[in-house]
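Presented below, as structure tokens, is a lone chain in the form predicted on its own.
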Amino acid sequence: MKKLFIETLGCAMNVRDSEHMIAELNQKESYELTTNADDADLIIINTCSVREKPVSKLFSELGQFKKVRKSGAKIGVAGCTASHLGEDIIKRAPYVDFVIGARNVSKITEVIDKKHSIEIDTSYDESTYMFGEFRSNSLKAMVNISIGCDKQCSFCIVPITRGEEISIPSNLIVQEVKKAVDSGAKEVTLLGQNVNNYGRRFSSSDSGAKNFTELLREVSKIDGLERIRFSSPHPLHMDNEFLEEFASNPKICKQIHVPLQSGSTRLLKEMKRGYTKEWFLDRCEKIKKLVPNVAISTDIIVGFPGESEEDFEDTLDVLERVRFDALFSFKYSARPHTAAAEYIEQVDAAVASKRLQKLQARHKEIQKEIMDAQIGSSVEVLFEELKSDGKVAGRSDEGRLIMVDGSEELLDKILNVKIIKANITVLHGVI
């Protein structure tokens, strides 16, 4: 049996793309997964291009793979960076055997047999393609509900690397979730660049559900499925019907990611996000009113071109008013083919770093307060991982990491846990 080493960078959609590649390869011939690149017959790095750092990391990683690979082993580059760099990857690293873009995952079995094969067509439609079955976590399934992105955010390269947005027919989504549940999954995460924009465009006339709220209702009817999560919704499409379904549907986990990017309405307009600070706060206020125990996470870019101190203070104001449970924050990174890369008023790197440190420091204080407030509460936990120190780890409905003393008999179960201790990243409890 041949051995496959695959390194995945970036988002959950990249993780699912890697699972799809593994499944497709195994339909052609069996591969054994390995964590050692020097032991592999096939090495794939599945890339991210949202920020500059992962792109720089690609060529560093490729150089290391070239040094350690065994004789005859093939090296391939997949994902978003593959989509936008294409043949330049092979020009810079001619030892790379193939390049396959984020929109061409189903072609993996074709490209591995063609030296210097390049498949990066971002108009290619995989929305009705039935991938083979492979999941890295038997308890938790990830299911794509759309591909591509129609938004034109001025900082984001994703529409260029993943093409236009197409929704996957709901009958195919339900079929895939049912398969996962039949294989032991208790939780599903629905994936898309803007999941709550589901239904905008289908390539099949047999589309089924017409919007995301309807899709959530369909998926929640599946027997044996206990938890539903989704990532990522867009604030612009958080209408009342969607939020009320989120709040009232008992299978939907009460954790929601609401990407802010900036608290400044002026900058949000420059970012082409389509909403204002006031709209964002209104949606978060409604979510908290409907679900008092909700966990809200967000993304924030600091140092976007033209960001003033007043703009940054607006972002801090939203942080204080919403009090996010989790924060994914970065300094602005200019990406090729994006409008913001051409903006003249680039923020000084030192200023951006100082703002980012201030934002993250305040969020850590808020996060500690939120976690400390959980002590004494009771939560339902899906246990999924046995730790080496006699602990078992799982996630609450709100997505918080919980640890308890226990053994493998807790695995796969959803149990009530009383929280007795907290730190900034983990809650400790007793059954």
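The numbering used is simple: start at 1 and walk along the sequence shown. None of the values given here were measured: they were computed from a predicted structure.
Another form, the form predicted together with S-adenosyl-L-homocysteine, is not on view; read the next lines as being about it.
Of the stretches 378-386, 23-31, 397-405, 46-54, only 46-54 has residues with a heavy atom within 4.5 Å of S-adenosyl-L-homocysteine in the predicted complex. Of the residues 315, 144, 193, 83, just one reaches S-adenosyl-L-homocysteine in the predicted complex with a heavy atom at 4.5 Å or closer; this is 193.
Checking 207, 213, 333, 106 against S-adenosyl-L-homocysteine in the predicted complex, a heavy atom within 4.5 Å turns up for just one residue: 333. Within 4.5 Å of some heavy atom of S-adenosyl-L-homocysteine in the predicted complex lies at least one heavy atom of residue 301. In the predicted complex, S-adenosyl-L-homocysteine sits within 4.5 Å of a heavy atom of residue 261. Mapping the unseen interface onto this chain, residue 246 falls outside it, with no heavy atom inside 4.5 Å of S-adenosyl-L-homocysteine in the predicted complex. At a distance threshold of 4.5 angstroms between non-hydrogen atoms, residue 156 is in contact with S-adenosyl-L-homocysteine in the predicted complex. Taking S-adenosyl-L-homocysteine as it sits in the predicted complex, the stretch 229-256 comes within 4.5 angstroms of it through a non-hydrogen atom at just one residue, 232.
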